[in-house]
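In the block that follows, a single chain appears as structure tokens, in the form predicted on its own.
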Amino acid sequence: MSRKTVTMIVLLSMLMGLFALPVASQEEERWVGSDDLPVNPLECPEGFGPEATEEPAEGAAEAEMMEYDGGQPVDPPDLAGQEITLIDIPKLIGIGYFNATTAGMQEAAEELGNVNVSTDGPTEGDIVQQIEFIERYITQGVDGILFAANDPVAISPVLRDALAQGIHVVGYDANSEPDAREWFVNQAEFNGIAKAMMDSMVQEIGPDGSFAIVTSSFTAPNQMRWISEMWAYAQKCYPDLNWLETVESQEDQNLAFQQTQALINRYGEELDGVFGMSSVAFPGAADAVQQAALCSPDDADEDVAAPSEEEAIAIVGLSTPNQMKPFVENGCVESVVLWNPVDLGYAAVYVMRAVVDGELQPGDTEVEAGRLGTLQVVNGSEILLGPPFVYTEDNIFDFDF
């Protein structure tokens, strides 16, 4: 082989390497279903990820110093200490999760004694219908609106309209754009949920397993944030994990069941785990794995042939204890990540009361919330309920919601 030929081969190899660089960088792209907002992954468990440093996580100082970024109602009536009427319009009504937030709101209203709150909304997770409900109550006239958004951008104009008409607006569970509401009660910080979810999954499938995600929709704001932070945390702590696909279930448990069945059929033994990203998606996914007889071989039903370790599928997600107790009891689900939605609804009413009374104003760093004590203000205009909670067979039967 001539020197000229060897030189050409070397040059061609170098060029191929350069052209291959963009392909490698694609591995760093976020998982489908995430947003493009900044991420701040928490520290890895001992033995995983880069060695811990004494420096704070990037962005932590900025988060503490953020100025208030919420909106303000225009010339609201002075109702400090007076009876107020609130309407709660969640993503949808008739499911266990929002039944629990409603129960918490009613508990807070009863304690306060000067709050009347009712819940109304669509029976499916439809942002168009949710907007129509909000418009209806703006027209009827209420003192405050509580909401959990189906879409953070689409819901914002109607919430701004409410503010423009002097109606107080407080969000919970799923946010809008910040200036479209005064405050948002955040059930747990997104990176905290992400860490709990990923650590729970890795405990079951190992740090190099393959998983898929069943979300509600690619526009659900809290789920987009969780998936983004899960991606960032996995990149940092579990770089060998393999994300396969994200599918939508539209807040429909039957569709979540069908989508999980499709994932099982599509990936076979390659699928080690499934994340259920909502209180509807998680039980639907768990039911599909159970009916496919692919629960952990250590926990499989005695009447069903146990799958091999390679075939078994772990299911981790967010849902209410009552929905997941059957799957935890039979061993198909080991970890349920959530918070207490009763407390979330309870906190939202206390925050609204404090806003109306002038006890919570832009620039404040905390607010009193009844039996929950003092809640902290984070990220400018968010009230933090607290860290996530992991329900297991050891504690899930202590809760009833």
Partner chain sequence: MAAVEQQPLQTETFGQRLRAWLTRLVISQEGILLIITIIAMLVLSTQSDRFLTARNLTREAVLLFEVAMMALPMTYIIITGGIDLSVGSIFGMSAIILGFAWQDAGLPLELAIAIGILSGMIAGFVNGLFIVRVGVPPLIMTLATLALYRGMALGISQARSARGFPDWFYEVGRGDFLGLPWQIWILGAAILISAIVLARTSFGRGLYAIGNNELGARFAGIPVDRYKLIIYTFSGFMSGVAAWIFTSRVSTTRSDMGTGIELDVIAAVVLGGTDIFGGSGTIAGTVIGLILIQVLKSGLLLSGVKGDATTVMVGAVLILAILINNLVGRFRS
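Residue numbers count along the first chain shown, from 1. Keep in mind that what you see is a predicted model, and the values were worked out from it rather than measured.
The next section is about a form of this same protein that is not shown, the form predicted in complex with its partner chain.
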{"item": "Residue among N150, S278, S249, T320 with a heavy atom within 4.5 Å of its partner chain in the model of the complex", "value": "N150"}
{"item": "The single option of S210, N116, Q72, Q165 touching its partner chain in the model of the complex, heavy atom within 4.5 Å", "value": "Q165"}
{"item": "P239 within 4.5 Å of its partner chain in the model of the complex, heavy atoms", "value": "no"}
{"item": "Its partner chain contact at L92 in the model of the complex, heavy atom, 4.5 Å", "value": "no"}
{"item": "Touches its partner chain in the model of the complex: F98 (any heavy atom, 4.5 Å)", "value": "no"}
{"item": "Residue contact check: D36 to its partner chain in the model of the complex, 4.5 Å heavy atom", "value": "yes"}
{"item": "Whether F257, G268 and A293 all lie within 4.5 angstroms of its partner chain in the model of the complex by heavy atom", "value": "no"}
{"item": "Stretch in contact, per heavy atom within 4.5 angstroms of its partner chain in the model of the complex, of 154 to 162, 322 to 330, 184 to 192, 198 to 206", "value": "154 to 162"}
{"item": "Residues from 130 to 162 in contact with its partner chain (non-hydrogen atom within 4.5 Å) in the model of the complex", "value": "I131, E132, F133, E135, R136, Y137, I138, T139, Q140, G141, N150, D151, P152, V153, A154, P157"}
